[in-house]
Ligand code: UD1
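Only one chain comes next, encoded as structure tokens, the form predicted alone.
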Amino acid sequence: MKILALILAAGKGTRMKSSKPKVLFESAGKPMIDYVINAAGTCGADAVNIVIGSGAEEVKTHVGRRAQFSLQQNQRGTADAVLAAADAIKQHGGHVLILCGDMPLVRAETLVGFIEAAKVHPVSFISVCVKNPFGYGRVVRGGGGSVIRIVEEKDACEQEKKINEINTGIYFCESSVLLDRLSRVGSDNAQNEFYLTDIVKEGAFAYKAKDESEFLGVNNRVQLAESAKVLWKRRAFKFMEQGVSVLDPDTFYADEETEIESDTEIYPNVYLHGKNVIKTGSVIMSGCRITDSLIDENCEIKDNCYITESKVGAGSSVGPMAQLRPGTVLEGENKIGNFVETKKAVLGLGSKASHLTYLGDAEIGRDVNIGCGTITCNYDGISKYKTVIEDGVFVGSDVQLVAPVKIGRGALLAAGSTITKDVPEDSLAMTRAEMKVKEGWVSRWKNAKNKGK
């Protein structure tokens, strides 16, 4: 069975109060239209055509080669939107699955069930019973439960407004029947628009879905946030079923590309953005934001850490309140403590920087201790330079390493030193002004001050 997925995405989305096309607004980390395209592909559509209008070029640029496009010149209703793709429908033949580009919550398995039930009918649509039908088209049934018509909110009488079975806007039709019926649709209604719902007047099958939350159409930013909550919660439940402990599913935020292995623990208010891998036995505590990173086995990411495009090796501890910037690699069993920032820094097995440190453009060996307040001075205002610290080096507190500089294996850098030259292995490097002590100086100074008053 040939299926063309026709996605309606031409609306202006005026209630979003934005110049950006509505379907490109992100819900739970991804533009809404991406969810619809993915669902269409998963349920068996062999081609996708998107009806565009407002913001057409932006939508085309984002979607790229994943779909073909039809342009609706003027927004004159949903039937007019489908007719804008009439040539594509004729050319494809077979069946048309009509979807809405602002409905990111529809599951592919729901569409599969719908198509299976609807394939023997020339025109079908999905309906669902909702708690609050306000704003939706009501499904009016006759004797024996047959569908008589769909009436829009503005055209409904008071009795019809009490109906809680609504039209979701998703249709499955034989191409030739669809185009034939569309040719007879008029605009004699409260909005003077050409309603797609009018095609059911000549007979249609209504596939009644069970979960109304799947069919939330996003018309404003409140509904956008509601859709994201549903998607994030679905992901939380999916991970929990796979053995992940999500302590609070209501405050779990993970993008679709993120992978989390079993026996991990995710605290409240964690955001896993982009393509992350969190391996077994690791714990991510509250307030962390992790982007496009690998957290290896049995790591502890303490509260309020920001990790981007980095690797945290097995058995490592990060934070609290640490930042790993792009290019950071912790080889394993590392400790990055509070208020430590790293950037393009590689730390060998067992090395640690426990607090108040900046390590940028650095190559650090195994079992290196970086003291509190250490800074790699990697930038001279024009160029970046590299610091190399070999295995077993001990860096005292408040040390500045002015790159480019190399510290040899097993060396010791004394606290308070500014290191501007290479240090050979097994050496002590120390740069300090001579300390002088003047006994009794404070009392003499105070007495002199008092006499002057």
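One-based numbering along the sequence shown. Keep in mind it's a predicted model, so treat the numbers as computed, not measured.
This protein has a second form, the form predicted together with the ligand, left out of what is shown; the following refers to that one.
The ligand in the predicted complex comes within 4.5 Å of no heavy atom belonging to G281. Although the partner is absent here, C100 is a contact residue: one of its heavy atoms lies within 4.5 angstroms of the ligand in the predicted complex. The ligand is not shown here, and in the predicted complex it never comes within 4.5 Å of any heavy atom of K275. Contact check for S176: no non-hydrogen atom falls within 4.5 Å of the ligand in the predicted complex. Checked against the ligand in the predicted complex, the residues Q75, Q91, S383, S183 give one hit for a heavy atom within 4.5 Å, which is Q75. A heavy atom within 4.5 Å of the ligand in the predicted complex is found for exactly one of G332, G169, G360, G319: G169. Highlighted residues L4, N38 and P104: none comes within 4.5 Å of the ligand in the predicted complex, counting any heavy atom.
Looking at 214 to 222, 104 to 112, 199 to 207, 344 to 352, the stretch with residues near the ligand in the predicted complex, meaning non-hydrogen atoms within 4.5 angstroms, turns out to be 214 to 222.
Shown here without the ligand, the chain has no residue in 360 to 378 lying with a heavy atom within 4.5 Å of that partner in the predicted complex.
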